[in-house]
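Below you'll find only one chain, the form predicted alone, shown as structure tokens.
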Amino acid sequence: MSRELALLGLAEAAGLVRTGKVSPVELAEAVAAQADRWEPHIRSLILRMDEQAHARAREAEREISAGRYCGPLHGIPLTIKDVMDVAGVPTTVASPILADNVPAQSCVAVRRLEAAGAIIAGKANTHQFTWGGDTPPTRNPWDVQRIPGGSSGGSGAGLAACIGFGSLGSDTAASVRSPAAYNGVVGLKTTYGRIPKSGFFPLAWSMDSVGPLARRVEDVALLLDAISGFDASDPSAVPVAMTPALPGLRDGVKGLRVGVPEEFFWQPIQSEVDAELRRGLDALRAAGASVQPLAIRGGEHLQLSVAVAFVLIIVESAAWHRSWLVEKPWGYAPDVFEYISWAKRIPATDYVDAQRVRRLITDVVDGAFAEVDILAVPSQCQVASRLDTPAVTFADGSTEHRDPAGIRTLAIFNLTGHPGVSVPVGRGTTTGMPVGLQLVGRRGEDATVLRAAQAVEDALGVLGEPPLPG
């Protein structure tokens, strides 16, 4: 029975809790059992919080029995990427430097979840200091010899293995949408500034966004509505006009204009990825959306997006880490130390020039939304790479290192601040690995991209739990 409960969607589990058919204690036990089953294989959690989760579940059970039901997150176990503070447990960002960093207060986003009655069941693994795209030592549950994506790889892999009913991740260049695509779950990079980042460990302040992940679109919408809203304690906060995502989620996409920019975004691509993405586009057409090719004016500027993103992230990250790089170099994995140290070779003029090109890229993307309501592009042009294969090979025979390949279609929207969701559209016929379609909307229109994602999910379904290794 516990496994059946763990496989439920968040909204389904919430309905059973609300009607008294299932208790929060049963859900917490089901998630812990699923972690017992999967963690030896995928290592998605940096910290299990079974004891705290069970205690909070018993408390939630008493609250609900006494008529103090808070809503659909009450008594629901979730995981939190280990870059966000949860009171009383370490926030390590996967570095020994922060092994003893135990915050007294949860970050704003987590406090909002806790106020809604949610249960924090564990801290999900992250690529150290949120750098990188493979999140060691976490493995992909669909094939444990493949990467889970990064840097929210623990969130994505854990959800695919049904460890928790949702998770919070962060996305600076790909870090929610990449693990969502590679692990076959739903992940939303929110409009920049929509969710406060107070109590959140930064990578690049001008590009960081908090984002929810879950196995179903409706569950992402539930999480988004619970944590959205301006908070003055966030120094990078941007007041954003927000429409709640849940109320209009199933209003359909009839008449929605969906643009498909083949140039740059879809080239090069792996054949099995392309085939599954086309199924997603067909689903939108069948649901009534107008899906058409889109030639983006000024699209040549998009070719610079990966380089611009790397410059901005390296410099902004190095500004934060500068003292530790000198005083505590032992606390960095070699790849992370090398990435951040590149800042020494980037002059200030390059950072300024990168910001100028960022403005051009933003204008190009804004211009595209004069013609369409949604951009439909690959979340990834490749399936998750094997652990021992750093190069990606595409259908045209070209190759690329998996790190820049992994942000090519994603980092653009961190530069511009637009919301983008990765929704599963199937599994590749050659590898059996998940494929995700990215749907991007105007700033502030997170609800619209989730509505489009819901139409895709309604047509194609969810992927379910992978087979257990061995």
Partner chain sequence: MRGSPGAVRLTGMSDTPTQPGVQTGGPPREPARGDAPHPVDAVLAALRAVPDSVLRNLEPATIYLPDPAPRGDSR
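Numbering follows the first chain given and starts at 1. Just so it is clear, the structure is predicted and the values come from calculations on it, not from any experiment.
Although not depicted, the form predicted in complex with its partner chain is the subject of the following passage.
(message) Heavy atoms within 4.5 Å of its partner chain in the model of the complex: which stretch in 335-343, 210-218, 288-296, 71-79 meets that?
(response) Of the stretches listed, the one contacting the partner is 335-343.
(request) Report whether all of 127, 192 and 240 sit within 4.5 Å of its partner chain in the model of the complex, measuring from non-hydrogen atoms. (result) The answer is yes: all three residues contact the partner (heavy atom, 4.5 Å cut-off).
(message) Can you tell me if residue 322 lies within 4.5 angstroms of its partner chain in the model of the complex, counting non-hydrogen atoms only?
(response) Residue 322: no contact with its partner chain in the model of the complex.
(message) Under a 4.5 Å heavy atom criterion, is residue 308 part of the interface with its partner chain in the model of the complex?
(response) Looking in the model of the complex, residue contacts with its partner chain include residue 308, since a heavy atom lies within 4.5 Å.
(message) in the model of the complex, is there a heavy atom of its partner chain that lies within 4.5 Å of any heavy atom of residue 367, even though the partner is absent here?
(response) Result no; residue 367 lies far from its partner chain in the model of the complex.
(message) I'd like to know if residue 102 sits close to its partner chain in the model of the complex, meaning any non-hydrogen atom pair within 4.5 angstroms.
(response) Heavy-atom contact with its partner chain at 4.5 Å: absent for residue 102.
(request) Would you mind picking the one in 304, 87, 318, 260 that has a heavy atom within 4.5 Å of its partner chain in the model of the complex? (result) In short, 304.
(request) State the residue from 283, 94, 376, 113 whose non-hydrogen atoms include one within 4.5 Å of its partner chain in the model of the complex. (result) Here the answer is residue option 94.
(request) Scan 339-358 and write down, in order along the chain, each residue with a heavy atom lying within 4.5 Å of its partner chain in the model of the complex. (result) Read in sequence order, the residues that approach its partner chain (within 4.5 Å, in the model of the complex) are 339, 342, 345, 346, 347, 350, 352, 353, 354, 355, 356, 357, 358.
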